[in-house]
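Just one chain is shown here, as structure tokens, and it is the form predicted alone.
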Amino acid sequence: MQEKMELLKSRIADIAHLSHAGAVLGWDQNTYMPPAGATGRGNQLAVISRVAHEWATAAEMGKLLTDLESYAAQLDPDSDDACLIKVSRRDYDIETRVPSQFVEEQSRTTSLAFSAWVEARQKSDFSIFLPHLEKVVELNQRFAAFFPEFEHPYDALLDQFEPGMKTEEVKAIFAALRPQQVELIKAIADQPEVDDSFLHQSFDEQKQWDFGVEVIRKFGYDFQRGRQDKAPHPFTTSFGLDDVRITTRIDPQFLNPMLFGSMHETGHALYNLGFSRSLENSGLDSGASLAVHESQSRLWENLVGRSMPFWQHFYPRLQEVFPQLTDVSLERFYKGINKVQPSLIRVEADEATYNLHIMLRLELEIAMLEGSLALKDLPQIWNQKMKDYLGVEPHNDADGILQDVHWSYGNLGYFSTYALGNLVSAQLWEKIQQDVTDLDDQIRQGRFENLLGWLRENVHRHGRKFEPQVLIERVTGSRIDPAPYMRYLNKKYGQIYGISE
């Protein structure tokens, strides 16, 4: 049996190497590829996707997994081998439902859709992206049809990103969360507005870049195993355990996008860099789910990066880099970066309003998949929902329907993971503070090694061995729960805005 186990690992490693090669091409497309290369790149990625899918669904793979079932039953269910067989069986059962030709078509379609999205966003013209989005939605409808056992077609999409979770489960979590967040936002609206004008002035781009690098180095991001580049929409990508790259974007008139964007992507990268070496190229060397992945990025961006202890350490350095902040007190700066104000752009939304952006997108995605709205009407529907949910209305497509890149990647079913990640980050933070009792003092000193070590031990090293709800319950004692997040928000913003809890 050990020989068959080694053969399975070898086959999976080959697929991993091929996928990493595709990831390199995708990273290049998002960073340095000239615009005219889109068609050729789409064809290259399509072939890689098709071949990887054919290898993953080969009859030999299925036979190996069947032969290894009895071996897995004898193992500790938490062992690497037992988890590898279990997860590989799940992957195989899913991927054998999807024809290779479909995978190739999807890859080619999304590669072209991304280039169209970039042009459409630059020109703020949804009509450029519309025919590509129509194809993306059609592909997602066809994909869902491969899995008729799900109660709702959207379950099939959600399950790709949050294994084991159902649409109704997410809707129930959001239903419990929404009124509490709305109540908090209304209470904040009754208080004097926080001044953040000092964040909206000229900030040298290179100095922004250099300060961001200082911060993420201290977090523990290893530039011997990664790099940072610029991209229209920041992302993290992995080519293996020793090559995990991040991107950011810089606004010369607004400090927040680069500053918190780099922290956010570093959170993702630290997770990818923390998988156990024993999982390398095994198919288990990725995140448990996108919500767990997002919990890591939001933890470093918000619970660390927007905290008072963090800026008690870093603010003097930021003032040194940007003397225009010399007359801005630490207290004023802290309130400014945590200002609550309904806004148009999701990635720049404050913690109190962010989840409403996600709830809006979830409703739209379900309707798109069901075919209950005309895609050509999306800009108008989007604008109305923004007004209904957040009280703001976009004046153009770039700030509205075109602001997110994910649909061009073909990723319907993805957005709810962002809000779920917020909830998980707060659950983990409560547990971390119980275990690392002087955490705030360590952050005030610019020390993050114990925080990162805790995450490595309890979350990162396991990779994809456990389903997300199982992992979260093992670490925190409960499944995804909105209560810790609301405790965090109410305490933080109660103090900032003088609201009694």
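Start at 1 with the first residue shown and count on from there. This one's a predicted model, so the numbers in the text were calculated from it and none came from an experiment.
Form predicted in complex with a further copy of the same chain: not shown, discussed below.
Output flag, 186, 386 and 399 jointly within 4.5 Å of a further copy of the same chain in the model of the complex, heavy atom basis: Contact check failed for every one of 186, 386 and 399.
Contact segment among 224-232, 345-353, 135-143, 68-76, judged by heavy atoms lying within 4.5 Å of a further copy of the same chain in the model of the complex: It is 224-232 that comes within 4.5 Å of the partner.
Residue contact check: residue 17 to a further copy of the same chain in the model of the complex, 4.5 Å heavy atom: The answer is yes: residue 17 has a heavy atom within 4.5 Å of a further copy of the same chain.
Partner proximity in the model of the complex: residue 41 to a further copy of the same chain, non-hydrogen atom cutoff 4.5 Å: Flag for residue 41 set to yes.
4.5 Å heavy atom contact, residue 435 and a further copy of the same chain in the model of the complex: No, residue 435 sits far enough from a further copy of the same chain in the model of the complex that none of its heavy atoms falls within 4.5 Å.
Partner contact for residue 205 in the model of the complex: a further copy of the same chain, 4.5 angstroms, heavy atom: Residue 205: no, not in contact with a further copy of the same chain in the model of the complex.
Answer option from 245, 361, 108, 268, heavy atom within 4.5 Å of a further copy of the same chain in the model of the complex: The residue in contact is 245.
Residues of stretch 13-38 in contact with a further copy of the same chain in the model of the complex (4.5 Å, non-hydrogen atom): Contacting residues: 14, 17, 18, 20, 21, 24, 25, 27, 28, 32, 33, 34, 35, 36, 37.
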